[in-house]
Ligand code: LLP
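In structure tokens, one chain follows: the form predicted alone.
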């Protein structure tokens, strides 16, 4: 079995019981299934292979902000993936994981000078330009380094997409991308620049986009613009059509990949460009869980609180987005059902993973998992309340590897310093 399934009454990660993981490595801990990640990549790649000719297959650039552990990056590189980055740190992670620079694209509205310089030095595939001042900044740095910056312009299509307003990026009011007029102006500016070469357009409308129609609406903005830009003498050889494919957290309906691939074939393929895609959460989200232990069952007159050792600093999505995550026990999964508020130990009412969640009856010491934690889990974690960061563990069949050690208190507090003048 691949992923997280019950075997013999115990929840497993691939072929490894999670009870074994808890015993060996403690809790809380992030646990990832390598098989599940490979399966997601292959499903997306297969959908594209069925819809597009072999010589026109897209460059799938994993959006590594979803989960940037270098072991996860290396796994996806082995599948054939490229990389989408949003910082110098992610560039460094990608290069350390072995990605070829020509398969890396850089996005983000606030690219800093040192990030631009690092990308130019590495020789990445392209910058996805989000504003005209950014284009000027890239030209300045590229000229100083005597490097050529390859760019595409991110179009804001004014199309709503995403499962939460905080992760919808394609509306006119959002900070991302350029309006139509500024895209044309950007191409005109780039044509006059000595160290910038413009190649095309990019588009990305958000994350957790469930309806193919939202992608279709965005894609349909492109053919007309491509035609007009070419008529104006600009070369359009690349289209980065973003990502945003959803995963199931509760009862969501997954995107019809075949229908999505058909729209790519019908709308994007005829434009005769290189095609780039940026899947992130889709590849890793359901491939990870946060493993935790029950500390106490606190009973009040009207509530039963299941207090676990994981907290909002370990997984912030429920607090930040009111996000739903499946929660279930590792053992005794057929016990009589009971309603619980599942909460962590942090001194915040917001440190709550769910309200009135029906679970098998739990006892102190019982292990639980918070599902769908492979994306925007560890990478958004913090040390709030001076809590050490949990380990990350990768399971591949029967093989187990700690891909990030649990943070120690020395790791956490060691970099801090009391100035000498405070001790006078």
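The structure presented is a predicted model; accordingly, all values stated were derived computationally and were not measured. Numbering follows the first chain given and starts at 1.
This next part talks about the form predicted in complex with the ligand, which is not shown.
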Margin query: If the cut-off is 4.5 angstroms on heavy atoms, which of these, 70, 380, 52, 45, is the one near the ligand in the model of the complex?
Written below: 380
Next item on the list: Identify which of 81, 208, 319, 286 has a heavy atom within 4.5 Å of the ligand in the model of the complex; exactly one of them does.
Entry: 208
Note to self: Residue-level question: is residue 177 within 4.5 Å of the ligand in the model of the complex, judged on heavy atoms?
What the structure shows: no
Note to self: With a cut-off of 4.5 Å between heavy atoms, is residue 245 one of the residues that contacts the ligand in the model of the complex?
What the structure shows: yes
Next item on the list: Consider residue 376 of the chain shown here, and say whether it contacts the ligand in the model of the complex, taking contact as heavy atoms within 4.5 Å.
Entry: yes
Margin query: Using a 4.5 angstroms cut-off on non-hydrogen atoms, would residue 314 count as touching the ligand in the model of the complex?
Written below: no
Checklist line | Answer range among 200 to 208, 88 to 96, 329 to 337, 114 to 122 for contact with the ligand, defined in the model of the complex as heavy atoms within 4.5 Å | finding: 200 to 208
Next item on the list: Within 4.5 Å of the ligand in the model of the complex, which residues of 102 to 131 have a heavy atom? Give them in sequence order, or say none.
Entry: 107
